[in-house]
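A single chain comes next, written as structure tokens; it is the form predicted on its own.
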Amino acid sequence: MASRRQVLKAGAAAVGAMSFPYIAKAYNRRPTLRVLGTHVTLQETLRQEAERALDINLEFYPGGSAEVLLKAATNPSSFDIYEQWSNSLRVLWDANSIKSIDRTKITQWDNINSLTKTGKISPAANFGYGDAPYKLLYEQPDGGLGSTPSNQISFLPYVHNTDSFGYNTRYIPEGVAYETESWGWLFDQHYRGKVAIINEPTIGLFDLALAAQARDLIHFKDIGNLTRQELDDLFDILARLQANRHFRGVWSSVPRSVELMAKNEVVIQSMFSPGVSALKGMGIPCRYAAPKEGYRAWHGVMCLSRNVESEREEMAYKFMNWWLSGWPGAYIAKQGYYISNPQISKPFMSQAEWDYWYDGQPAAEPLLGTDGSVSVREGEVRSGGSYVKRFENIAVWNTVMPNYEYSLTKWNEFLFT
């Protein structure tokens, strides 16, 4: 696994001279907690509500996934809490940037469901290839991470979702969930020049690998742990597509993915759920696919800086427990995300919201997104169905592979050729 020096080298190559575009700060004399993460959950509404509920100051430092990982891995004094995705855990743990969380201080621990603790949301579920979160949850006696339960955990399990691709049904006929919708559509020549991918090698790489395998261009022994030869073969395929100007480009933030489709620059692309919700709120018929090959899944992680202590550490535990207190889970459900203890959030949701987002039922009424716009029409059914159904169909989890550094080199070659 990557050393601290390797993380710095690889991260610098990935993000170059990027800087943090926005810092949400609150200035007064209350204690202040600094949270480093992505735009996905570091939202102003959540910051304000947490400040009100906890009587603290919160400074949110949102950025792109690659840049926040670099910052956290190389400068643990720059944050108190880190929040991103489970594919960042091995890098941060090996870089000694984060420390374990005492799970006995997590008040909702017993209500956190089995997805994170055992890897399966139901007996019928797939574990999925790659870094399934349960493999990284517990600190082991040797100081590593594993699935054997202990009182020390590497992250707070909170938001999570299954990701796929979004497509504009004005230009692409609507498919059938789990039957005709396929990752292979990303390579369909009918959409040449109208395809975009997320610029993140631990995420976008798997979207492309799933697409190549779906079209029988290549087959992987373990899609969550690609060999160097498999990476070479995959990027040879991608180079040919790139030479044919198949890809419109890449995106690094949800707003950029929304812009690409809203301006008709793309008709199909890697997407996150908030982007799909935003487009629907704008009246653009973006459908989030339920691929027959299975989803690429992710799990949000909230981690403690190795340097946090005393008053800040106490605030950090309060903030983590607040995230599992009900209201935050209900709020992020409006953008299509799940929380690890959903029954606690159910009372904060209308029956129509719960039926649509968690049970996969038709919307009994128009539903609003986090921006206050209607994102779900009456009668609409969420693509992929219920919470359980979606997480029964995981192909691969976002993952930092043993060959991460090599994949990063190949990724950068792909982007800049």
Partner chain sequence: MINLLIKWLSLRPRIYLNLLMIALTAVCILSMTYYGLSSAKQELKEHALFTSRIITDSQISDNIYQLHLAALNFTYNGNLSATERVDFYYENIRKKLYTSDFSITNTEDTIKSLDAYYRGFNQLRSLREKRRRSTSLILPEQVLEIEIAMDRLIDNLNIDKSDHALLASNTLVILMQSSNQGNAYFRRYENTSLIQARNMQRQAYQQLIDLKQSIKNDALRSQIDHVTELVAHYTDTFNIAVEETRGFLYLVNVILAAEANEILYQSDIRETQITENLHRQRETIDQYLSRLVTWILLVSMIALLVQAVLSYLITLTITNPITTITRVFNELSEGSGKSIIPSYPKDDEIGDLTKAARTFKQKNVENRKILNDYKELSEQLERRILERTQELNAMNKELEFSKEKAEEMVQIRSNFIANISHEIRTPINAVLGMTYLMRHSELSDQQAEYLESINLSSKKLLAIINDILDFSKIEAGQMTIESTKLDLFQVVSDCVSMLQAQAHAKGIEIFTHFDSYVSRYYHGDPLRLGQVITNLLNNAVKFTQVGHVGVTVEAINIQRLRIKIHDSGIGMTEEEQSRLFRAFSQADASTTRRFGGTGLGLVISKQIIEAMNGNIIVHSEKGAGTTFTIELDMKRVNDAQESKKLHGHKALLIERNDLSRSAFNHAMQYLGLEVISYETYMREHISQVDIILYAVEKRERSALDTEMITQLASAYPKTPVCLIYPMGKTPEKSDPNSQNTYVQKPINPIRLEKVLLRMLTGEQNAEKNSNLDELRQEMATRSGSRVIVADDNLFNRQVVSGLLQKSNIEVAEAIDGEDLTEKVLQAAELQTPYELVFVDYHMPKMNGLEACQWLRQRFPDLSIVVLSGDTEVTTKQKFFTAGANAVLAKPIEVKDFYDIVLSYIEPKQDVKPAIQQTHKQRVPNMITIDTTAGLKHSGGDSELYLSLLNSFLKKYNDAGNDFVELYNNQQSETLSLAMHSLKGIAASIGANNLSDIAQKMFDNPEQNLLEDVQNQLNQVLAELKKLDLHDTQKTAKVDFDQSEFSNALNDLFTALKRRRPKQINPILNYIKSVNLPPEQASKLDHMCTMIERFEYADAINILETFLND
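Positions refer to the first chain, counted from 1. None of these values were measured; they are calculated from a predicted model.
Omitted from view is the form predicted in complex with its partner chain, to which the following refers.
Not one of 163, 278 and 372 places a heavy atom within 4.5 Å of its partner chain in the predicted complex. None of 230-238, 312-320, 89-97, 292-300 except one has non-hydrogen atoms within 4.5 angstroms of its partner chain in the predicted complex; the exception is 89-97. Among 305, 340, 335, 199, the residue placing a heavy atom within 4.5 Å of its partner chain in the predicted complex is 199. Residue 265 is the only one of 222, 174, 179, 265 with a heavy atom lying within 4.5 Å of its partner chain in the predicted complex.
Looking at residue 408, you'd find a heavy atom of it within 4.5 angstroms of its partner chain in the predicted complex. Interface membership of residue 70, defined by any non-hydrogen atom within 4.5 Å of its partner chain in the predicted complex, is confirmed. Although the partner is absent here, residue 66 sits close enough that one of its heavy atoms falls within 4.5 Å of its partner chain in the predicted complex.
Contact check for residue 74: a heavy atom falls within 4.5 Å of its partner chain in the predicted complex.
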